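Only one chain comes next, encoded as structure tokens, the form predicted alone.
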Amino acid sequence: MTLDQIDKNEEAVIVKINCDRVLKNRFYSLGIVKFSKLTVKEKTLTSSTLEIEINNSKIALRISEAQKIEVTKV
């Protein structure tokens, strides 16, 4: 299951990140790393972006980016 499939207010744990090195480094700098727990806070009406809370930070991601993050529900 990927991050874009998680519903609003659900918690998940990152299992794997499937992307190129540049995007992976960007994720790492934001604290989006394997085994991190996160919560989906908001999704836009058009489902083009979503907001997650991870490590007490709120981060907005494009759906195309969220599809590269494999998660499991908590």
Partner chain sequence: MNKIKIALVGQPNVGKSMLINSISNARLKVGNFSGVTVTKEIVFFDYKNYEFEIIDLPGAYSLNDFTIEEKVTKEFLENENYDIILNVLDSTNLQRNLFLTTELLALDKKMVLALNMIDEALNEAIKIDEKQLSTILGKPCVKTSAAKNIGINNLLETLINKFESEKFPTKLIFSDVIEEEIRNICEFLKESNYKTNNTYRELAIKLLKEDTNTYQFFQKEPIWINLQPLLNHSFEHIFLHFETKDIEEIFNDEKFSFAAGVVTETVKNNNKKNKTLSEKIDSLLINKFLGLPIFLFLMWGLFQLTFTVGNIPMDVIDSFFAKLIDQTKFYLGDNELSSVIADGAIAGVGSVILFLPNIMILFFGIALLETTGYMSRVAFLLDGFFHKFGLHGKSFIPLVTGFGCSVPAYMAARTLKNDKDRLLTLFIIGFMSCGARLPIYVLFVGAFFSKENAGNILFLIYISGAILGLIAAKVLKLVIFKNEDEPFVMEMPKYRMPSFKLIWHTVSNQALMYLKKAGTFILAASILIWFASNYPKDKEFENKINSMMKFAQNEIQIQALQNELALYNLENSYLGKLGKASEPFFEPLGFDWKMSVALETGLAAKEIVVSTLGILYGLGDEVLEDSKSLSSKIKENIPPASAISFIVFVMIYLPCLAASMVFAKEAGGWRYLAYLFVFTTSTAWILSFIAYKIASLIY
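Positions refer to the first chain, counted from 1. The model shown is predicted, which means the values in this text are computed figures rather than measured ones.
Although not depicted, the form predicted in complex with its partner chain is the subject of the following passage.
- Hey, in the model of the complex, does V15 get a heavy atom within 4.5 angstroms of its partner chain? V15: no, not in contact with its partner chain in the model of the complex.
- Query: Is E10 close to its partner chain in the model of the complex, meaning a heavy atom pair under 4.5 Å apart or at it?
  - Reply: Taking the distances in the model of the complex, the answer for E10 is no, it never comes within 4.5 Å of its partner chain.
- Using a 4.5 Å cut-off on heavy atoms, what residues in 58-74 are near its partner chain in the model of the complex? Heavy-atom contacts to its partner chain in the model of the complex: K58, I59, A60, L61, R62, E65.
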